[in-house]
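First, one chain by itself in structure tokens, the form predicted alone.
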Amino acid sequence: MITMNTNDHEKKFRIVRVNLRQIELPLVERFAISSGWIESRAILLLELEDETGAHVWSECVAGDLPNYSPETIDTAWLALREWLLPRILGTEIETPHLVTDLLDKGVTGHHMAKAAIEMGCWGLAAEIAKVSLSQLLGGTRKHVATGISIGLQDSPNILVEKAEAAVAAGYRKIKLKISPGSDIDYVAAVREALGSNQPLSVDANAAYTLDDRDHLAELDAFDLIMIEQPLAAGDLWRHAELQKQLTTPICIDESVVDPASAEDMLAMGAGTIINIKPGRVGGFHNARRIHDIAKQAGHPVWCGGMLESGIGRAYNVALASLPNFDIPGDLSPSKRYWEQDVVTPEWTMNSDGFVSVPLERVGIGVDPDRDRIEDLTTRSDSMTTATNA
């Protein structure tokens, strides 16, 4: 279990203002998965400020469309304004551990909206305590191994070129997006080009059904680390049935939304690996519990990405510094996705495929570029304790 001495690090605080901003951040190239593609990422940012003037930025990972999750930026904006922020503003928070219960009471779902607040409270607590976010969470790593997620491509040859470039850049795991019609031949081409020793995985984003079990079993030939979320979100029973037929480990992403579903997944044998995205599971409190559940059961976890800006990346890097994150995460440097990020310094990766955890910096470890965020803003709002009154 991850433990810490809360007397050493955590201090009470009271949030008096939250600024919401939606920005539009262009990608350096189109990113495609089985359910669609994007060329520009709409991102919802929060800026939380306490009564002493301490402040921190956090990020909501919901997208424009409900293709990955039922949540979208619009539903998150509504949930934050109408139900979630009013119960946080002006409330004395003894520890960020308690924020999840406060947000969950009387409000089901909206995990991504809740995570934006909850993780921001962890960031603010680290800022107030003058420690790094990783230290506050109980992180043990100075560097985290980094993998890359390569979107669907028009041909196996193009995919091979991108995979070879990723290996040359130092990425420690190559993940290929797959979908029906863009799977076996594509993976075969990459495996042949990269050789048998290159860590390789695939991600289906729920593109298949159990009727495809024989087809998916063909992936066993490629010695993959995992096949991620092959079947529908929430359908743990069918994943368990599929895992019985595969030698390739199944990794669950969309189907694990909280600690209970993580326990169900492992008990049912629906997979052996969990992709923990803190935004998907409601924030750090639940993410750490899932981490501990998997660790106690002897199963590895890793940290996935949601095309976050450098602000969201800061929270993922801190989480990935926990001890059971043994598989390289989707923690690519800023230049992988953005010509210019919204933080300084931008996130970088060394030639060995590691991102440094900013342990020497207080809070989230990077500084949001307020001028750039202002330039990219498409809508904004602000809530204060006066708004809440």
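Values in this document were obtained by computation on a predicted structure and should not be read as measured data. Quick note: we count residues from 1 along the sequence shown, nothing fancier.
One more form of this protein exists, namely the form predicted in complex with 2-succinylbenzoate (OSB); it is left out here, but the text below deals with it.
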| item | value |
| --- | --- |
| Listed residue (S255, S201, S149, Q243) with a non-hydrogen atom within 4.5 angstroms of 2-succinylbenzoate (OSB) in the predicted complex | S149 |
| Sole residue of I327, I33, V56, L45 within 4.5 Å of 2-succinylbenzoate (OSB) in the predicted complex, by heavy atom | I33 |
| Stretch in contact, per heavy atom within 4.5 angstroms of 2-succinylbenzoate (OSB) in the predicted complex, of 133-141, 153-161, 191-199, 304-312 | 304-312 |
| In the predicted complex, K175 touching 2-succinylbenzoate (OSB) (heavy atom, 4.5 Å) | yes |
| Touches 2-succinylbenzoate (OSB) in the predicted complex: K277 (any heavy atom, 4.5 Å) | yes |
| Any non-hydrogen atom of E118 within 4.5 angstroms of 2-succinylbenzoate (OSB) in the predicted complex | no |
| In the predicted complex, N205 touching 2-succinylbenzoate (OSB) (heavy atom, 4.5 Å) | yes |
| Y68, E228 and Y337 each touching 2-succinylbenzoate (OSB) in the predicted complex (heavy atom, 4.5 Å) | yes |
